[in-house]
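Listed next as structure tokens is one chain, alone, in the form predicted alone.
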Amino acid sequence: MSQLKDVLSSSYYKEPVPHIEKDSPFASMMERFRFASEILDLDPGVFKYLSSPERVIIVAIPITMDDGRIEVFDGYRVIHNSILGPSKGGIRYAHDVSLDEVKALAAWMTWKCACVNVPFGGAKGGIRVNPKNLSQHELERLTRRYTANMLDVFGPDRDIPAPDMNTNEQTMAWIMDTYSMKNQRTEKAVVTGKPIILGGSKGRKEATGRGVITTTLAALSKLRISPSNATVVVQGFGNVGSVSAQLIYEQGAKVIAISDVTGGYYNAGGIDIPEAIHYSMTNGFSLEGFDGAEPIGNDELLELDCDVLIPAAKENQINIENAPKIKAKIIAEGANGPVTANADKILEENGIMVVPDILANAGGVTVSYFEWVQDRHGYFWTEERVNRRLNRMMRESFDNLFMVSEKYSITLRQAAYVYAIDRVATTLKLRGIYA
């Protein structure tokens, strides 16, 4: 243990992602990684290995703009770990994408895949660009050139991209086509999150929200709360939030508050979620003006007395300032990093069960795995089969983490990192270090 503590206290490992803000979700993830490593008494060499990405790729992406100018964009792909299988992770397009951010997100994917027993490693990619400033043709040229630069990285047995911030099914279709043309064969399994007609999986769009609710129901069961008697608050009404709200509503729960960028909406008697979804879809995907509930501030929404709080919007929503005011019995993290590391202890002391993001929102990568399997076999499942298998894997993962939390007398979040890191470290020891 002393050896590991020496490594943990070194200046390098205190700040493994030096340019990420200390209160960012990525810094919180690294803090939890350190804690789990101490619980496991991880070998210092293994700790160093798992703290470092296997491969970092930086590329310049020149494209010809519609007006004839040549612009050059920075592109990244980080393979954090491939011990469990091909690396897996999304590609984001954003003006503030940085290499350090991509490194941290790649590590996060390693733990998320291990947490739900998906045989993938972790990766992430990004291009520093504001996609709103590019035409559709420019976005296509950007994507195809980025893919061409990554031909020795991507591959169904090597590294498998997926959509992320500001990328979508069309982006994945361009990547698949570019890779296929260069390899002179159609290779659907090189990406996931594709249109169904190109080998995408049914149930993929709803998968993250479905995973959130499957783990929420498991948590309610542990607390002996019937879903039909539960009150629920959902922060965020995008794909994850709206699907989560709909599915828990279908279980008979009373959803008393929802929110989007226009603000929060509260109804103590329960909100008609299908009506709210219909309103949002016909109102430019906005809840502004929704008359099925009263306006409420975001801070007040998070602090409502409820059984389940689902933060499915942004990071750092529950922090050291408002954590003492949270009254929910269960927090199911639909977003990445909605709870800061310094709020964990407060929530634990107040008896709040947190279903951590690397479990709760892992439904997306789980169904991405299903898509990859279906593409490899050339046989596609019904949506009912996808959902059934997703529910089973998410529930089994929750039960695994619950057992770990009881074994070590730690929280579910701590158990998630302990379980994931132990799984990767054990696999590393069995495979050994190739020389």
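For clarity, every value in this text was computed on a predicted model and none was experimentally measured. The numbering used is simple: start at 1 and walk along the sequence shown. Rigid core (definition): largest C-alpha set, two forms, superposition within 1.5 Å.
Heads up, the form predicted together with a small molecule isn't pictured, but that's what we're talking about next.
The small molecule is not drawn, but in the predicted complex it has no heavy atom within 4.5 Å of residue 245. Though the partner is left out of this view, residue 194 does not reach within 4.5 Å of the small molecule in the predicted complex, counting heavy atoms only. Although the partner is absent here, residue 211 lies well away from the small molecule in the predicted complex, with no heavy atom inside 4.5 Å.
Though the partner is left out of this view, residue 298 does not reach within 4.5 Å of the small molecule in the predicted complex, counting heavy atoms only.
A heavy atom within 4.5 Å of the small molecule in the predicted complex is found for one listed residue only; from 101, 260, 159, 164, this is 164. Site annotation in the predicted complex: the residue of 175, 255, 309, 109 reaching within 4.5 Å of the small molecule with a heavy atom is 109.
Contact annotation for the candidate site: 336, 365 and 368 all lie close to the small molecule in the predicted complex (heavy atom within 4.5 Å). Annotated contact segment (heavy atom within 4.5 Å of the small molecule in the predicted complex): 86-94, selected among 338-346, 86-94, 318-326, 268-276. Taking 2 Å as the criterion, residue 92 counts as shifted between this form and the one not shown: its C-alpha moves by at least this amount when the rigid core is aligned. Comparing the forms between this form and the one not shown, the C-alpha position of residue 105 differs by 2 angstroms or more, with the core used for superposition. After superposition on the rigid core, the Cα of residue 125 moves by 2 Å or more between this form and the one not shown.
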